[in-house]
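In the form predicted alone, a lone chain appears below as structure tokens.
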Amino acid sequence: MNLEDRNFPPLSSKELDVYSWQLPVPGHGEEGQRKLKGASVLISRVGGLGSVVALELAAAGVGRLILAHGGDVKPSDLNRQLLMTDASLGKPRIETVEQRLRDLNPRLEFHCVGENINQGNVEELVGEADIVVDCAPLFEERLLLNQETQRKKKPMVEAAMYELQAQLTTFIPGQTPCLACLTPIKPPAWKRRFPVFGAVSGSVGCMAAMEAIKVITGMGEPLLGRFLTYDLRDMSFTTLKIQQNPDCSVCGVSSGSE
């Protein structure tokens, strides 16, 4: 992501204090922190996975968070959706998310939408963001986000989990494969509800947040053209190389993408 032409906002004395533990990280510093402050990140769903992404990005000082999640808080959310509370049962998820994040970091700007990503809002929400973190459980949403981020040439961090397993990669249009290269259609056997521990969601959520931070600041090496999978049952981690499908209907040569 190219943020080099922007005039990044300065850091206040309070911000310098709040972020003082991460400012000395090599490759980051005040310049990197100002990039975070000037960036906008869209998170699709702030449930088991996205709530941790949002929490970490808010704590890190990303200046504007665009959050999309519909529905009300249910008891079954509480094992993994760390921004939800028992007191918020029956209330809109997005209201609880916004309040919890504002309590953590009132210096940030929030655009909170009480609906999931769909055909009616995807163009606007992706257009507002510098980078997208895809945390949706439904492939229809994931593929819709993939199509729009490719069209608008926006990076997308792709994260998912199942049982004790998780996976992570980062797509940058024109540089890497896209989600449709790997999963062109919704897997026919996929169901909305699946088994998972909150600790698994949290682990990949933290790493997805770090991927977004690296893309924004230019620090480190994001998972470009690489696909990380791991299984916490035996703590095994594997990184696979992935390549663009030239026949991909979204980013391939035949699609007309550059």
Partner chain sequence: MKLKLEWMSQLRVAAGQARQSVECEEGTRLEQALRLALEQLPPDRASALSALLLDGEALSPSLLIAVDEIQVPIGTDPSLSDGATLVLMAPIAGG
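Positions refer to the first chain, counted from 1. Quick caveat: nothing in here was measured; it's all calculated off a predicted structure.
Keep in mind that the form predicted in complex with its partner chain is not shown, yet the notes after this line are about it.
*Asks:* Taking heavy atoms only, is Thr229 within 4.5 angstroms of its partner chain in the predicted bound form?
*Replies:* Yes, contact at 4.5 Å.
*Asks:* Does Gly48 reach its partner chain in the predicted bound form, with heavy atoms at most 4.5 Å apart?
*Replies:* Gly48 belongs to the contact set for its partner chain.
*Asks:* Even though the partner isn't displayed, in the predicted bound form is Ser13 close enough to its partner chain, meaning a heavy atom within 4.5 Å?
*Replies:* So Ser13 does not count as contacting its partner chain.
*Asks:* Is Ser236 near its partner chain? Define near as a heavy atom within 4.5 Å, in the predicted bound form.
*Replies:* Yes, Ser236 is a contact residue.
*Asks:* Taking its partner chain in the predicted bound form as the reference, which of Cys181, Val73, Leu125, Ile172 has a non-hydrogen atom within 4.5 Å?
*Replies:* So the residue touching its partner chain in the predicted bound form, by this definition, is Cys181.
*Asks:* Taking the partner as it appears in the predicted bound form, which of 145-153, 87-95, 128-136, 111-119 has residues with heavy atoms within 4.5 Å of its partner chain?
*Replies:* Result for this chain: 128-136.
*Asks:* Can all three of Gln99, Ser203 and Met207 be found with a heavy atom no more than 4.5 Å from its partner chain in the predicted bound form?
*Replies:* No.
*Asks:* Mind listing which residues of 165-181 have a heavy atom within 4.5 Å of its partner chain in the predicted bound form?
*Replies:* In sequence order, Gln165, Gln167, Cys181 come within 4.5 Å of the partner.
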